[in-house]
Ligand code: AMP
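In the form predicted alone, a lone chain appears below as structure tokens.
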């Protein structure tokens, strides 16, 4: 059994090289730029009109001494003009031929000189920048209708176990509905990835092998279930038959101890535990960092905060635990309230949290009022807003 830090180091050391692709700039939202974007130096065309300059059209007008013209927001300032006064501080004559400037205006006031944001040839977006709405506007401003971004990996999901039935089916005695594939799909979609769900692999080597061969056609394959001590031999046998290099099989983490990581060439395979909270926690600690880096992100782990623990917590030492909690910002500090739950199968209890307290494996007790660390969940903002 290895530590979380050692396991993550192994995962990150075996990532495939990032790939680039060129896409329409409007499709780049949430993607990472693979090359810088530079200012092209294009400026709006100056157009003339008699006494009025409109944004996007009209005639170019020259302003001489003692002259003025109405100008609309966003229009090019005409030659000869040295300041713009806001309309609220002006008054036009009845026939519109004259304007009174009611208050003095300083030289250059209310004028944005061409090139003040960026000069031609200047970098406006660095490679490695995540594209948000503001970056979309920058791309549009400089005519970057096609951009190069890091390609997203193709991800396949397989659930395993004879006990599983699909959501629309009624479980018989000894059966449960498959939830892990859908929680994983949600976690992946929050990262901007659309996984391919390949179905349920029964506890039979031939079927597991068939589905895994299909999954290995993608860049990353995630299996859930079938990796605990009682079940791992079957998965291990299929892994070895398919020529996978197994890099670790157990991690000193609670929940999520029986987490498996393997690779075949540039393909990554994660075997996550079957209990739903274990699956969730293992994904966030190992799969998210791997996929995020493949997508070009420099920092991919979930944010962590430190705050005041509001209730005492106890555990058997030996493994680092991730336990459900509710965190809130209160004036000048974070408060962290542990939540009751019934273990790694209790997804209902875990669903009430917006964070997970990180309980060090070397400790058996965290006391009330102690400063502890918590990992914010991927949908922290949505959870914390609550409902109206």
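No experiment lies behind these values; they were computed from the predicted model shown. Numbering follows the first chain given and starts at 1.
Below, we refer to the form predicted together with adenosine monophosphate (AMP), which is not included among the displayed structures.
Of the candidates 296, 215, 225, 307, 225 is the one whose heavy atoms come within 4.5 Å of adenosine monophosphate (AMP) in the predicted bound form; the others do not. This chain appears without its partner; in the predicted bound form, the one residue of 275, 285, 187, 259 with a heavy atom within 4.5 Å of adenosine monophosphate (AMP) is 275. Look at 129-137, 70-78, 172-180, 243-251: in the predicted bound form, residues with non-hydrogen atoms within 4.5 angstroms of adenosine monophosphate (AMP) sit in 172-180.
Mapping the unseen interface onto this chain, residue 159 counts among the residues with a heavy atom inside 4.5 Å of adenosine monophosphate (AMP) in the predicted bound form.
At a distance threshold of 4.5 angstroms between non-hydrogen atoms, residue 164 is in contact with adenosine monophosphate (AMP) in the predicted bound form.
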